[in-house]
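Next up is one chain by itself, shown in structure tokens, the form predicted on its own.
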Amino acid sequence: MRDYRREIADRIAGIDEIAEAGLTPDEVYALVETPPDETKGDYAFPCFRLAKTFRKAPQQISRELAEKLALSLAGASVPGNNDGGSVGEGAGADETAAADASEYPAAIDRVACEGAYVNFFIAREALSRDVVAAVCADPDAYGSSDIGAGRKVVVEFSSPNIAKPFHIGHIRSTVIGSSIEKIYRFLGYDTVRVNHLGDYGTQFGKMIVAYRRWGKKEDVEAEPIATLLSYYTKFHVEAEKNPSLEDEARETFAKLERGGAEETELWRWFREESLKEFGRVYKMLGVEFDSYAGESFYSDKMDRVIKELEAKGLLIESDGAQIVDLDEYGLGKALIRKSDGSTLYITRDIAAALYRKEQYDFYRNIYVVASQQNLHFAQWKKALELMGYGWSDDCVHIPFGLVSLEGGTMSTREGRVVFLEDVLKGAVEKTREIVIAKDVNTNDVDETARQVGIGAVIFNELHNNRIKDYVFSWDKVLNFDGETGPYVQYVHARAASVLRKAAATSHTADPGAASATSPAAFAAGVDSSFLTSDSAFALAKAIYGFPAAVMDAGEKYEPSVVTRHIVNVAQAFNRFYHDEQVLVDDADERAAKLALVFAAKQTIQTGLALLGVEAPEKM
């Protein structure tokens, strides 16, 4: 699709003085920005940087640049800074200007100077036509890219601990990671979704000890996670009274690492029962994985790590344990192996990175893990670098803020958790009550309640910047007012309703012809002169900005960029729907407006899909 910002940048860079100042088209492109006040234009070029080079005030530079740009645009007028006058009027009579303008037919409507800025107003008819044509030509691909073609990206996310509850804190890694993976796949990358299960470590020594002392098989089979959590909680209560339990747990885990038959059998059972419960939650969220290779998968790959660290002189003995000293990098000492011979997270993560590079030859290896682990990942990455692996720079930790409860922090040890499955079920039930009470237009109350309820929870997680901490509140999650998932889903359904009504009242002379409301009909071309009102143009601009928002979200690993953008599209659609009559009698006007409705609906649907949220056709 046409890059208006690039056309503006090229036109500015083509001015002799700009070229003499040493600014390349790419540098100009980076400087072109979007004014916060849309009445000031669609794009703006700040002149502050040129003041020193030109030895003039930025305001004077902007005025002179605007005059030169106006001369290259047939008929462009440039309002003055203070007196309301204009410059460059009648430029269309200049043959050179007319010829130059033909290179950019109807791209820029006019140029204005505002203080130190040169402001550009895009030709509304041209942008609206381009947007509708781009979306309708290939609806499902609008906003996508092939930038990632031939590149493999591994995304590790969710990664709960087995034998522990899948609580509300896990939703962050799960939905942020899932959305990042979807965005990268949409940008053309070949993605691998990894659930690096926490299925190893001293905690399993504790769980096995607890089960042996207080457990019952039938209780675990009846309610696996809740029962195992009660054992784990009891272990820590009893360990306060009897510290020797901690030693027993460490010894038990050491036996598990050495392949002890009974310990291994219990561990496998705990893992299988946990995955059954996790699977229910993943199904509710619509989240899938390509690999469930957790920490245990690398148990036979850690000797290689230890030997390699030793061979490269990086492993140091310290009080019977083995460490990598990272003090000179401000990262402290990374514990690689405990004095009892058991390994730690960092050992297993190094082994996992080596395996993934050899298995997938990744372009990027992404870890969506809470900010609490910042030091761990900094140590891990530095260790990989010191081992001589240059691709360590391709390993990226994507941190996110923490979730706490209104009464304090969550604690698995103390049994203070909110089960994620309960949150999702609660959201669906609450939505079902609303759907029934408001007599929502739907053919399937339960299906709509599921789509909207779970969508509300996911959207709530992805609306704010991922790094922010937040306090979990049932009232906030189940509040469907304002900039929420249900609001965006409702706007999508409203657009779908308009298209259904149009289809029901359309008439075509040829029964075999494409529907007058089909993408094929829209792609054939519409009269975009009917899409130049303030509300129509604002909607077209919001849709136009979607591909850039997706790209930005990928570069920043930030799904909230997409979330907020589709909120903007939804709000722009509502203004358009309020201000304009869509189903008018005039066939050309009707077709143009319906094409814009379709483009908005498709953009919202695609944006929701990138978040992992469904888009109901009726609501």
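Here the structure is a predicted model, which is why all the values come from computation and not from measurement. One-based numbering along the sequence shown.
The form predicted in complex with a small molecule exists for this protein as well; it is not shown, and the discussion that follows is about that form.
Interface residue among 369, 315, 549, 331 relative to the small molecule in the predicted bound form, by the heavy atom within 4.5 Å criterion: 369. Between the options 466, 206, 170, 492, the residue in contact with the small molecule in the predicted bound form by a heavy atom within 4.5 angstroms is 170. In short, of 441 to 449, 254 to 262, 484 to 492, 152 to 160 it is 152 to 160 that has heavy atoms within 4.5 Å of the small molecule in the predicted bound form. Heavy atoms of residue 381 never reach within 4.5 Å of the small molecule in the predicted bound form, leaving it off the interface.
At least one heavy atom of residue 345 is located within 4.5 Å of the small molecule in the predicted bound form. Within this chain, residue 211 is remote from the site of the small molecule in the predicted bound form, having no heavy atom within 4.5 Å. Although the partner is absent here, residue 373 lies within 4.5 Å of the small molecule in the predicted bound form, judged by heavy atoms.
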